[in-house]
Every structure is written in structure tokens, then in C-alpha cells.
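Coming up is one lone chain in C-alpha cells, specifically the form predicted alone.
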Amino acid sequence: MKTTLYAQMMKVNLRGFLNYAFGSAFYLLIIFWLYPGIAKNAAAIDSIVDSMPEGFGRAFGFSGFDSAEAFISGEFYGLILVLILSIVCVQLSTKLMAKLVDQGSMAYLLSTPTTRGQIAFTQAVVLVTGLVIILGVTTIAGFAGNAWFLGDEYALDTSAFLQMNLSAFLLFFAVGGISFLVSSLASDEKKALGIAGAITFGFFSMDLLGKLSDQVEWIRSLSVFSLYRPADITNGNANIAATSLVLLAIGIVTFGLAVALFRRRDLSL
């Protein structure tokens, strides 16, 4: 890794990381603030959800409102955080690699005593650092929200909460790796953004569609998002070790391929 490049890229992108991080944290705090009022009417709300089509609750991560972590998993970790981090991965991976090639900045970097491998690996570390910052701030906000709004009356299962954050990080470590691989092979910024976006939101749509109906549930197995199940974590039904290892492996392989293939590709700079 090239430390000077890493420092410069972090300086350029830190404001964006913090904007996403504090936006995510703010939304999570709103969810914590809302929960005490929701908990008083949990039975009535659960009955409304139960009256909806069977796949609706699975699709949007509703696992009941009788616990704080169940409410948070459905209202935040099941959809909002997924959309935020999907956008981060697609946009940032494109900005870190394909945009530099497209605009000619990569030629400047390669004119310095820096190898292609060092550049690609450093940019990958910047992307992973961004995910760590966003989820780190989000996790801290969750503990703050628990202390401020829930207290002892609505106890939060901190173990499940930490597992949801770990699972979210590993999911987007994998998604980020896939997007970064696309960006490392593309010379056109718009094309890289389009392909990475289509893959990411295509996987998301396949997972969502598979949860809506048992008849097409098999489609979920084709999506990396099927390995992320915050509702199962809150219910105690998730195989967190197995899914974590698979997501970690996908991320390592795709980031590794991105660095290796970028070193060997023919660049017209």
C-alpha cells in the first residue's frame, strides 16, 4: 500500500464518508426515538403486518415489533442501510478507479514511483476504510440511542445489534469488492457506474423478489444479498458464522482479482 496516496485519497473522500456516516446515524437515532411509542402498540401493529401478504414481511425484514432489535432490523437494517451502502459502494468504487482512468489522472499516478498493484490495493483499502467509518459511526449511534431513548424499559439485545452491524459490513465488503472489480476493468466512468449499479441493484432486486413469493424463492440463491438476514439474527435463526465466512471470501477474492487484473490490463493513457 502507498501511504501517501492513501492519505491523499482519505483527505479527498473523508467528507463524503462522514456525510453518509452521520446521515445513517441520524436516521438510526430517529428509529430509536420512535420505538418506545411503537412498543406500546406493538400487538396492534403486528396484527396489521400479519394481515398483509405472507411475503411482505419477509421482503422488508419485518420480524415483529416486540423487541427493539426486531424493530430496528426491519425499519433500518433491512432496507435503509442497504440502500445507503449500495450507493456508497457503487459510486466510490467508480470514483476510485474508473474515473481516474477516464479523466487521465491515473497516468499522473503511474508517472510517480508507484506500481499499478500499489495503486489498486491502496484504493481498495480506501473503500474498505469508508465502510468501516460509516458502520462504526452507525454502531456508536445505536448505543447512544439505546442509552438516550430506550434505557432499561426497552432493553436492546446488544449482541444481536453488533451481529447486524458485522453482517452489514461483510455484505458490503463483498458488494464493494464486486463493484471495485468492475471499476478496475473499465476505462469509462459512466460504463463502470452503470455496470456496477446494475449488478448491485440487480442482486438486491433478486433477493427482494425471492422473498415476496415462495414460487420464485430460488432466485434468492443467485444473490449475494441472500446471505444478509438481519431479521434472522434478531430471531436467533441466523447462521452468522457460515454467512460471514462466505461474504468475507467473496470480498477477498473480488478485491484480490481487481488488484491482479488491474496490474495486467492494457491501459491507453
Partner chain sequence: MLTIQRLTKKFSGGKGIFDVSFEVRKGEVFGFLGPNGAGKSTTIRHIMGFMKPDSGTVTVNGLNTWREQGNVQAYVGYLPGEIAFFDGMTGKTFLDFMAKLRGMKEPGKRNRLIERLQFDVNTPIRKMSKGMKQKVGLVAAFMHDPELIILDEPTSGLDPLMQKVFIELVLEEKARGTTFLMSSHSFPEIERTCDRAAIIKDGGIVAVKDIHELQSMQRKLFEVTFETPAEARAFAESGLPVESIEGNRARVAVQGNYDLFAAETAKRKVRNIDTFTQNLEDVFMNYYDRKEATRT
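Numbering follows the first chain given and starts at 1. In this text the structure is predicted, and so the values were computed from the model without any measurement.
Missing here is the form predicted in complex with the partner chain; even so, the following discussion is about that form.
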**Prompt:** Looking in the predicted complex, any heavy atom of S111 within 4.5 Å of the partner chain?
**Reply:** yes
**Message:** My question is simply whether L85 lines the interface with the partner chain in the predicted complex - judged by any non-hydrogen atom within 4.5 Å.
**Reply:** no
**Prompt:** Is there a non-hydrogen atom of L100 within 4.5 angstroms of a non-hydrogen atom of the partner chain in the predicted complex?
**Reply:** yes
**Message:** Is L150 near the partner chain? Define near as a heavy atom within 4.5 Å, in the predicted complex.
**Reply:** no
**Item:** Contact stretch among 103-111, 71-79, 179-187, 85-93 - heavy atom within 4.5 Å of the partner chain in the predicted complex
**Value:** 103-111
